[in-house]
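The form predicted alone is given below as one chain in structure tokens.
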């Protein structure tokens, strides 16, 4: 049974209105993201500790392997004082992290969580999701500028370079995928893969690889966490933030990663395939997305950070030209997805 239809009938509210609210707030929206974030942060720490032979989360809920450590950290941060340093541009400093997280949350209205589980469906939902996610670097740059801190300035400058570098490759890979399916509608993309029984990862591995690597860059994951630069610029644009504002700025990267891995699931892993029911399809999407995020956070354990010039050279001279190959592959593969 469709849970949205059941809720709509129980509340006496139009179906579209329930869906428009449930998707961004419940699933695949904020409630699901909170669960994913708690698990992924814990898993990232445990994986890094195991690979690098360190302790990792342990003493809070020892019998559960430190599973409640992240929750304890969240409670601690929630009760921290929000300090606004002298010399900052107050309103920009306070509002920019709130607006940045809000903007990312808007993407939950466009990306499906399963069959029929979405806020709004559009023939341009793939492009709209990309556009929403790429608005956040503007607000991160505002954070760095408003902080009136030299480390924050450097982090904001890195954010500008990273966003330009990564988003070009990210967009090219998405356009290659859209060309392959002949659509920018997530639902039609998933249906095309289910109809042909060929997931996009198999049909065009070049576009899939470009998307995944570019997603790591724009979400500040190793080996591309240049914006944070913990060893040399102390969290970059977020250096001056404390309390809930710091929590929002840190959650921003995980939220972008969650959204982009949802997109990867639909575009390259056939979304909710092989299921068609809302419940099983949603479980499939959630499991695939979680697995992709685990792969992304695992890389923190095995890679060091690349230099800024190395990243720029790698993307502009090596990866971005590969997008041309992805377009050629898409042109050759397109007939198998034609209705």
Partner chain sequence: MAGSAGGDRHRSRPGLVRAHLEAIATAARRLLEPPMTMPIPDYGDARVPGYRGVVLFDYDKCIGCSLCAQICPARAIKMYRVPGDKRLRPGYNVGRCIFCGLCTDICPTDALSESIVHDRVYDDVPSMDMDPVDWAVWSRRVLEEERKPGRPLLRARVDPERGLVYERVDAEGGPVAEEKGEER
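In this text the structure is predicted, and so the values were computed from the model without any measurement. Positions refer to the first chain, counted from 1.
Just so it is clear, the following notes concern the form predicted in complex with the partner chain, a form of the same protein that is not shown.
Taking the partner from elsewhere, every residue among 47, 299 and 313 has a non-hydrogen atom within 4.5 angstroms of the partner chain in the predicted bound form. With the partner omitted here, the stretch from 276-284, 66-74, 25-33, 50-58 that lies within 4.5 Å of the partner chain by heavy atoms in the predicted bound form is 50-58. In the predicted bound form, the partner chain sits beyond 4.5 Å of every heavy atom of residue 39.
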